[in-house]
Ligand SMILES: Cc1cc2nc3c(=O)[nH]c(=O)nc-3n(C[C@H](O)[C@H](O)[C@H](O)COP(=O)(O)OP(=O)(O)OC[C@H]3O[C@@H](n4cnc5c(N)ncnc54)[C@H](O)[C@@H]3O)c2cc1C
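Shown below, as C-alpha cells, is a lone chain in the form predicted on its own; questions about how it binds or moves come after it.
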Amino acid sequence: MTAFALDPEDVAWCAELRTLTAAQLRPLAEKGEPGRINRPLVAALGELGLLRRLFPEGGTVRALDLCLLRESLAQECTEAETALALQGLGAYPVLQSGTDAQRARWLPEVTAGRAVAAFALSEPGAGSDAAALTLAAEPDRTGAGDGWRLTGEKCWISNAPEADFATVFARTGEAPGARGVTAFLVPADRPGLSGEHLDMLSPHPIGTLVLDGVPVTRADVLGAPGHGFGVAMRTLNLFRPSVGAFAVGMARAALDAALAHAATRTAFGGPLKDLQSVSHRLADLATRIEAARLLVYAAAAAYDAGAPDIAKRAAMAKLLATETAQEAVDAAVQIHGARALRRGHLLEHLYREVRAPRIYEGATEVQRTIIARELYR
C-alpha cells in the first residue's frame, strides 16, 4: 500500500462500515438528546467492536485505520463518529502513558463502551495556546504528602461534565510554560469536581469542569510529573490527521447530497447539473475533497512510518480538510436552496457540525503557524 491508494481490503471495510453505521448507529444517534452523551450509542460502538479498533491488544491503532474509521462513520452519522473519536481522545493518554493499573482499570471499560472519557486540556484563557494553562496543582499537605489538590476550571471539554473520567492537565510548576504541566487521570467521583453543559452550535456534548481542591495522588499521574504537555501532544499528533478525515467524511456526504439534488432538481428547463455554474462548482469541490482526502491519508501513513515531519504533514492535512469541508457544505447548501436550511435536513445538520473542526485541536491559524515554522526549521 502507498499513501495514495488503499488496499482492496481497506476499501471493502470502509464500505461495510458505512452500511453498518447507517443501519445500526444512525437510528441510535437520532434518539439521542443533542448536547448530551448518548450512552446507548457509545455502548453500540463497543458491542460492534469499533472501539476495539481504537485500542487493539498489544499496541496502538494505525493512524490510517483511525482515519478510515472516522471518515466512514462521518459520511453516514456524525454523532457516531464524534462519540468514537472522543473515546479515543480522552483515553489515549491512558494507553500511551498510563500505568498497568490505570490501563487495567479503565481501558476495558472504554473499549466496551461502558465508560466515557474526556480530554480536559482547554481553559477559558488557554485554548490554542495550550502551554498557557493555569489550572493549579498545589501540593496536598493533608495526606501522605505524595499528592496534589487541583483548583481551577476547564472549558470547551467534550463529554464534560458527564464523562466517567477525564485526562486533566494541570500546572505542577516544575518549570515555566509547557515544562511545568502534569497529566492526571481524574475519575468523575472525586470530591470537588463539578461542571455544567454548554449550549453549542454543534450537537455533541461539550461542557466545563470546575475543580475545587480535587485530590489526586502519584497513582493518578499519567507519565511523569512535569511531562504532561508531551502526553497531550503525543495524543494530538495521532488524532490531528483524523480530524481531517472527519472533515473529509462530512465533505463527501455534502457532495453526494449535492450531486443527487442537482441530478433531479429541474430549473430553467432542465436539471441543475446541466447548468455550467453548478456542474463546474461540483467538479471543483470533488477535486478539492479528493486532494484533502489524499493529504489526510499521506499524513496518517507518515505517522505510522515514524516520519520526522509529521507535525507539518498533520497540520497541512487538518488545515486543507477542514477548510475544504466548510466550503463543500456551504456550496451544497447553496445548490439545494432554502430546503437545506430547514431544521432536520442533512445539510442543516452538517452546516452546524462542520464549523467546529476548524477550531478544535488547533485552529486553522495555529495549523498555518505550525506549517510556517516547520518550513523554516
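All values reported here derive from a predicted model rather than from experimental measurement. Note that residue numbering follows the sequence shown and begins at 1.
One more form of this protein exists, namely the form predicted in complex with the ligand; it is left out here, but the text below deals with it.
For the chain shown alone, Arg288 is not a contact residue for the ligand in the predicted bound form, no non-hydrogen atom being within 4.5 angstroms.
Taking non-hydrogen atoms only, Phe119 approaches the ligand to within 4.5 angstroms in the predicted bound form.
Within this chain, Glu365 lines the site of the ligand in the predicted bound form, having a heavy atom no more than 4.5 Å away.
With a 4.5 Å cutoff on heavy atoms, Trp13 does not count as touching the ligand in the predicted bound form; it lies far away. Picking from 156-164, 272-280, 131-139, 289-297 the stretch near the ligand in the predicted bound form, with a 4.5 Å limit on heavy atoms, gives 156-164.
Think of it this way: in the predicted bound form, the ligand has a heavy atom of just one of Met233, Ala188, Leu259, Met200 within 4.5 Å, and the residue is Met200. Leu89 is the sole member of Leu89, Ala253, Val110, Val214 with a non-hydrogen atom within 4.5 Å of the ligand in the predicted bound form.
Within 4.5 angstroms of the ligand in the predicted bound form, the stretch 190-226 places a non-hydrogen atom from each of Met200, His204, Ile206, taken in sequence order.
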